[in-house]
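We begin with a single chain expressed as structure tokens, specifically the form predicted alone.
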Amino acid sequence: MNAARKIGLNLEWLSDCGGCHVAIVDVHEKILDILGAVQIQHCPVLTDIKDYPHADIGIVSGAIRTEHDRHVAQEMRASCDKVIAWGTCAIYGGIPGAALAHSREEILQAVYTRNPTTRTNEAPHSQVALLEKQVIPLDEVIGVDMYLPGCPPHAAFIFDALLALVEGRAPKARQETVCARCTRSMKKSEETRLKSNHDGIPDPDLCLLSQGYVCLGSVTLDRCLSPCPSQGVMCTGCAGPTMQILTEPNRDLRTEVADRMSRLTAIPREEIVASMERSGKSHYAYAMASKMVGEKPTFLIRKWIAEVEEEA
């Protein structure tokens, strides 16, 4: 590639909140180092260009939720030499992927026909894009060249990823967990009770697992620099599971966390597992649409929901 020529860049978002694109400005003045080398051609929040001109790099955030999402993803793939799956929704399905816990029909009924604030007896068929059968990550529809998870990715990882593409090198991101950057100490405690975030203020120096709080930091990829546990907030897994969780069919979020937590406290492993199953839609919200999680033989989200509903 001629160094004097600016790199063509197309950006697009599918089913997500748009936060991953907004997060680009978190790079602050460093973005000038990137903008000086790229030419933004298609970007919904910056341009009114409807077509997809040829680009060296395409950045796509969001999951495939509708027929329109599928069409846009295919247009981006056809027009871009390299495509980046940008953010957790594009890579794992993200929060939209939590729809895996319900059928398409259940969702449409809840939003339209059984919703007291909706004045319709049937779901729309022509005014809005039709829903896919279920939410799926971007790479189940098109080929992806680079993955940058996070909800949104931290500015440090964004800058390095974009600069790496401009410079033609591999990003520096590693496979560390959120725990790798957490400053808390893992110590054995005599805690016997599972706690929620409203149960007081955690000890600022002790691992949250040791205190009885279910924190997913040990099973979550670090693309955030660990701000939540460092400030006393349990990690919810927004950057997606570690490769160990994804690639081992019998390793799961709840069983791995329960193993560690039961060794650090006096809380029985089975009690921790059961508690995480009761809140399965929360603990698995970011990654359940990915086949590597949603199709694990240990992942039984609908069974867990049914059991919770029976208890209610």
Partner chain sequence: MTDANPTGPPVIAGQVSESAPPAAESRTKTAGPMVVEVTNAASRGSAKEPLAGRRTVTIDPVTRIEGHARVFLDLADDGSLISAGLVVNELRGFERILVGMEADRMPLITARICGVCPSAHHLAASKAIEAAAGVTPPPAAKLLRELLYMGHYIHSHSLSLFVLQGPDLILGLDADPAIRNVVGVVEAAPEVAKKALRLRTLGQKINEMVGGRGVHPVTSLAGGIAFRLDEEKKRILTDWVEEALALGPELIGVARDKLLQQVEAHPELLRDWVVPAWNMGTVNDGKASLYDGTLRVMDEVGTVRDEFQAADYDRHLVESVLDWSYMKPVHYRETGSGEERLYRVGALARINCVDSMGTPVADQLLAGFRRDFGRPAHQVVLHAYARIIELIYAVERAREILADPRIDGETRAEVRFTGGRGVAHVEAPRGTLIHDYRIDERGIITSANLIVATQQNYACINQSITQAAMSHVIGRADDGLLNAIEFAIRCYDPCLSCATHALGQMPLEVLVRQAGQPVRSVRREV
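In this text, rigid core is short for the largest set of C-alphas that superpose within 1.5 Å between two forms. Residue numbers count along the first chain shown, from 1. Here the structure is a predicted model, which means the values were calculated and not measured.
If you look for the form predicted in complex with the partner chain, you will not find it shown, but the lines that follow are about it.
From the list 159-167, 172-180, 137-145, 103-111, the contact stretch for the partner chain in the model of the complex under a 4.5 Å heavy atom rule is 103-111.
Proximity to the partner chain in the model of the complex holds for none of Lys82, Ser218 and Arg260, with the criterion being a heavy atom within 4.5 Å. Ala99 is the sole member of Ile91, Ala99, Leu208, Met76 with a non-hydrogen atom within 4.5 Å of the partner chain in the model of the complex.
In the model of the complex, the partner chain sits within 4.5 Å of a heavy atom of His198. In the model of the complex, Ala129 approaches the partner chain with a heavy atom inside 4.5 Å. Put simply, Leu300 is far from the partner chain in the model of the complex: not one heavy atom of it is within 4.5 Å.
Among residues of the shown chain, Thr236 is one whose heavy atoms approach the partner chain to within 4.5 Å in the model of the complex. Interface residues of 44-58, taken as those with a heavy atom within 4.5 Å of the partner chain in the model of the complex (partner not displayed): Pro44, Val45, Leu46, Thr47, Asp48, Ile49, Lys50, Asp51, Tyr52, Pro53, in sequence order.
Once the rigid core is used as the reference frame, the Cα position of Leu163 differs between this form and the one not shown by less than 2 Å. The rigid-core alignment places the CA of Thr120 2 Å or more apart between this form and the one not shown.
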